[in-house]
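Next up is one chain by itself, shown in structure tokens, the form predicted on its own.
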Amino acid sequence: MNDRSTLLEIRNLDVSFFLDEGTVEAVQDVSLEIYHHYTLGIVGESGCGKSVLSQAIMRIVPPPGKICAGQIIFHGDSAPTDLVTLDGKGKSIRKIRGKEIALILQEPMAALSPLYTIGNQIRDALVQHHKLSGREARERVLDILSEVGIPKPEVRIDQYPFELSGGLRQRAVIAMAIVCRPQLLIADEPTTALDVTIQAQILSLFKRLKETLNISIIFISHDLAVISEIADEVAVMYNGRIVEQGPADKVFSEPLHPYTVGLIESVPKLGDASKERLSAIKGNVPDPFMRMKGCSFHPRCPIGRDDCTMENPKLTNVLPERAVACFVVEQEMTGTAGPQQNAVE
């Protein structure tokens, strides 16, 4: 049974990139809770801030990016720790990064060095965090390679990344992330570059690892089908903000925010023989350098009102376990105008 106790709290997080061309507010006022033994799916178009959010949690936001406000509170084995207060290159965060919170990057070839065998690369985390001897670390690597479904681990352990298929490289990256048994695993688009057969195998692997290791997962993807397959809860991001959040089955069966509705309606339906064109969200994603007043989705929104341009809606509870950042939906659901009422902390 899933435990609703909190493992990670993100409170009012802002991340910006200060460039010569201007400032990009990549993550804006994001608040989330990740529970023990839960999978949170984060979905949205490319450029909406999903990956930057994962980098902020790991404290690896590349310069000139900077966490400008907010908290990231990790409830690990020790006392709750605000990761934002830690030196991104200091000993304290290095004790957490890789050991208690691990990240799986989108592209395995970017995560793996071509100069070292996969065995050496996986072993490094064990040596750093658990001080194992060479023989002990090798045995543990063999076990973890077998655990993630890599055949003939005694052969693969001494192979280089270019000697493995795309699916095996992804499994090797997963093995590297879980070898220290983290409490939280962040998977950033881990199935994007894989064909559908391998993708299904990787999703099945994530589900099995969640049960066997009793871990929590943040699964980031632009693919609604993938998120619906694996997530317990879903957060929908648009232009750096969370615009809808709730249980996965509810979000996909009864979407509230017009952006979520548009995403779902744009997905082809299996077995649909009609020749009608797929629905599309009109307009374009806002220029990242442009600071908009009001709701950033308003120019593309089919239900937007004039007052939506005056103030940015807060993520607000409108139903049990359902939150949405939309004045129109909030008024329809609760009978209130929205801006001041019941905003999610």
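The first residue of the shown sequence is 1; numbering continues from there. This one's a predicted model, so the numbers in the text were calculated from it and none came from an experiment.
What follows is about the form predicted in complex with a small molecule, which we do not show.
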Partner-facing stretch of 66-74, 24-32, 315-323, 302-310, counted where any non-hydrogen atom is within 4.5 angstroms of the small molecule in the predicted complex: 24-32
In the predicted complex, is there a heavy atom of the small molecule that lies within 4.5 Å of any heavy atom of residue 294, even though the partner is absent here? no
Residue 59: heavy atom within 4.5 Å of the small molecule in the predicted complex? no
Taking any heavy atom pair closer than or equal to 4.5 Å as contact, tell me whether residue 52 reaches the small molecule in the predicted complex. yes
Wondering, does residue 40 line up within 4.5 Å of the small molecule in the predicted complex on heavy atoms? no
Answer option from 228, 106, 120, 159, heavy atom within 4.5 Å of the small molecule in the predicted complex: 106
